[in-house]
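Next up: just one chain, as structure tokens, the form predicted on its own.
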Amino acid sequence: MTDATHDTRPAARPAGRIPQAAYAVIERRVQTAVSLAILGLVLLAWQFLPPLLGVPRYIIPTFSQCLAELQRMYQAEGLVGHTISTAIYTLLGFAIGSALGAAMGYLLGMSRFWEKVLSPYILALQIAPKVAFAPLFIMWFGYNAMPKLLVAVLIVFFPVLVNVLQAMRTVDRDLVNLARAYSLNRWQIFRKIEMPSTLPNLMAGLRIASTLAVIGITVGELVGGNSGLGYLIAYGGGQANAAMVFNAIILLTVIGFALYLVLERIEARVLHYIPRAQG
């Protein structure tokens, strides 16, 4: 006769209980459906509200008018070339500015002396409005791609620098001292302790910088560019073509959004060991 206290059979799952994985899938689908529904409502309002309110086309064009203008821009204004130009220089400005900001942040974080010496100058450059440098860069380098690239690099540089430097200040000193006790050299301490500890802050700085890179390129193209979506915004504004301006702004948003999503994917892979809070 079997003793009930030694029954090792798994307990029955409560009736009606949804597995965690299935619940997550359902939740994602509901979120996607709600997001698409909101987008649909926004597009409907964009299409029908301006005519109902008597808003002229040169102030707020309807969604269908923007689509018609988008087709015209594709055929007559070289839209693909302008979009590719902005995307390429956004990536270049982001990559160069991020690399310089991270390198400077790590170097200053390793040397308390140089951090104290250079901090006032870094703070002054950080406070100065970056977009104000665009006319100066145009005077130095002319009406070409260099001014907008430099503006993007300058705007991207500081968020990455500040995040990395702040993370270097908060590295666990006990771990560093322990590593020195085990005779690890400076490079080994950086590679095994400081770099992993600062990765979350670095990725946060990169995500912020990805949105600012688009702003930097756009400012450069608005002020003195002869190509790119910022140039189309300036050209469309001069022609009172609001639909062209709307289309260029939307494409700029798509570029920034795509770059941000790529960085989110990279962050999820690099920081996979950090547990995420479940909502």
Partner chain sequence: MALEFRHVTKRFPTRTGKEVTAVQDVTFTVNQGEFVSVVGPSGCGKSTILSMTAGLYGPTEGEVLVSGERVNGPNPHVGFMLQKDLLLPWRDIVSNVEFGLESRGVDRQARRARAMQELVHCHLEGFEHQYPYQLSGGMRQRAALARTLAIDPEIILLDEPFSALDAQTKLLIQNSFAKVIAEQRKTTLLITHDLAEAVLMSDRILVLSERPGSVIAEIAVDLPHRDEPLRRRTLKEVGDYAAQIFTLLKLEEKAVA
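Residue numbers count along the first chain shown, from 1. Values in this document were obtained by computation on a predicted structure and should not be read as measured data.
If you look for the form predicted in complex with the partner chain, you will not find it shown, but the lines that follow are about it.
Trainee: Of S119, N177, S111, Q71, which residue is found within 4.5 angstroms of the partner chain in the model of the complex when only non-hydrogen atoms are counted?
Mentor: The option sitting close enough to the partner is N177.
Trainee: I need to confirm a contact call. Of I193, L125, A99, L107, which residue comes within 4.5 Å of the partner chain in the model of the complex, counting heavy atoms only?
Mentor: Partner contact (heavy atom, 4.5 Å) among the options: I193.
Trainee: May I ask you to state whether Q75 is within 4.5 Å of the partner chain in the model of the complex, using heavy atom distances?
Mentor: No, Q75 is distant from the partner.
Trainee: Would S183 count as touching the partner chain in the model of the complex under a 4.5 Å heavy atom rule?
Mentor: S183: yes, in contact with the partner chain in the model of the complex.
Trainee: State yes or no: in the model of the complex, is some non-hydrogen atom of Q188 no more than 4.5 angstroms from a non-hydrogen atom of the partner chain?
Mentor: Output for Q188 is yes: heavy atoms within 4.5 Å of the partner chain.
Trainee: Residue-level contact is defined here as any heavy atom of the residue lying within 4.5 Å of the partner chain in the model of the complex; does S197 satisfy this criterion?
Mentor: Looking in the model of the complex, residue contacts with the partner chain include S197, since a heavy atom lies within 4.5 Å.
Trainee: In the model of the complex, which of the stretches 166-174, 204-212, 140-148, 127-135 has residues with heavy atoms within 4.5 Å of the partner chain?
Mentor: Checking each option against the 4.5 Å cut-off leaves 166-174.
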